[in-house]
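Only one chain is included here, represented as structure tokens and corresponding to the form predicted alone.
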Amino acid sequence: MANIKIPIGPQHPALKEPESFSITLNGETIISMDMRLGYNHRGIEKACEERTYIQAMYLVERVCGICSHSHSTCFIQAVEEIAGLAVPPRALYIRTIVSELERMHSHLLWLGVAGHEIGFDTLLMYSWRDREVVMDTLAALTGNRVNYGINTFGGVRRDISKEQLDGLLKTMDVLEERTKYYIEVASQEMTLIKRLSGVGYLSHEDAVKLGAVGPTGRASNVDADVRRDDPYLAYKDIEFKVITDTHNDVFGRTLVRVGELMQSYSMIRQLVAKIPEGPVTVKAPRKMPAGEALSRYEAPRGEDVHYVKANGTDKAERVKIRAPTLANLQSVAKMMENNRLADVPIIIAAIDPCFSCTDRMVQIKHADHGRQETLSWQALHAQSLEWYRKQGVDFADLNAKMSRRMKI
């Protein structure tokens, strides 16, 4: 039987964001997969370099709606290190509380999406009901359900009251009981087990070689977590277990995420019990001293990395973001091998991809002299027009027609 290629995306019901996957099949069996990134490139790194630090902080928070606190905190930690700011302990605890609530939000959202991708919509309804509880809690603590805006340079912009902390503990009790049911379903429901077991296999060796991070790596027994291995915020003050699994498939990635939910509930209780009194912010300069810093953060999807270079002005000279999805994409092609075409949506969904976080375009190699050169906006615009012209779309002709219509 001859191999055939079919496209999945950039527009596809199973993909919430536009990315292009080219699947090579032999019958129904996947032989290989190629990816094309770049459909969602928003130029956030470059935009941050043209804005003040405080403006960039809110822009970075919008790299991803689900991991907004992750990107904001990772960026702000780098800037605070450059500035030599000593963040008050209470502020670090508040940031950590929001961090773990965001992890709950992300994992519950993923659990529902995974259920939906395999036709288990009851799980979607239950888990997203609980996701609403988490989002309402975040709104009560920060003022926003998404893009919380809790961070500011030198601390956080609002405190948490005793009443809110008590309410947080009650919420953890409710969510813990419901999550125990999800663990029971994940570990005992044979329909779910048979549908996910063996799908998207990624061996421990391949996970290490391909740089898989977060639940994707930990489901292949990669025992790595920035919260434990390179502690930040208040993680050094609390106890938790890094959840790993040896199934090496989508079923294992499901078990890791529900296990991490239980750990998050425990961490919140410890943080509430240990949160110190005191201020929640210190004064930060508008202009940051010259220097550079690399910040690491364990986002719900895996290790997030932000690099910031300061030049003594009120704007960063360079901002570089490596989101966890970019680290995990290499492993997706390996996961696809020897699976069925029907497994493509859940394999892609299993890394909990955020292509908006990932997409970028920096350099192009010129064929005439073989060296790499950074494109200017004008050169990029001209290249885009030429690319579309070759596809049969002439924007110059379209603009002329539009001008004539406007005159009429």
Partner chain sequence: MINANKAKKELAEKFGLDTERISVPRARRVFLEVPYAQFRQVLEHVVNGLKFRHLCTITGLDEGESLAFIYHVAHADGTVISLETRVPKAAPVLQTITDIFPDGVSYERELVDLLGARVEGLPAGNRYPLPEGWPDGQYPLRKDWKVGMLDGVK
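Residue numbers count along the first chain shown, from 1. Predicted, not measured: the structure shown is a model, and the values here were computed from it.
Although it is not shown, the form predicted together with its partner chain is what the next lines describe.
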So which of 171 to 179, 202 to 210, 155 to 163, 85 to 93 is the stretch with heavy atoms within 4.5 Å of its partner chain in the predicted bound form?
202 to 210
Heavy atom within 4.5 Å of its partner chain in the predicted bound form, from candidates Lys241, Lys309, Arg145, Arg269, belongs to Lys309
Consider the chain as shown here, without its partner, and state which of Leu138, Leu326, Met262, Ala186 has a heavy atom within 4.5 Å of its partner chain in the predicted bound form.
Leu326
Using 4.5 Å between non-hydrogen atoms, is Val258 touching its partner chain in the predicted bound form?
no
How about Leu294 - does it come within 4.5 Å of its partner chain in the predicted bound form, if we only consider non-hydrogen atoms?
yes
Check whether Arg322 has any heavy atom within 4.5 Å of a heavy atom of its partner chain in the predicted bound form, and answer yes or no.
yes
Using the partner position in the predicted bound form, report whether Glu28 sits within 4.5 Å of its partner chain, counting heavy atoms only.
no
At a 4.5 angstroms cut-off on non-hydrogen atoms, which residues of 99 to 130 are near its partner chain in the predicted bound form? List them in order.
none
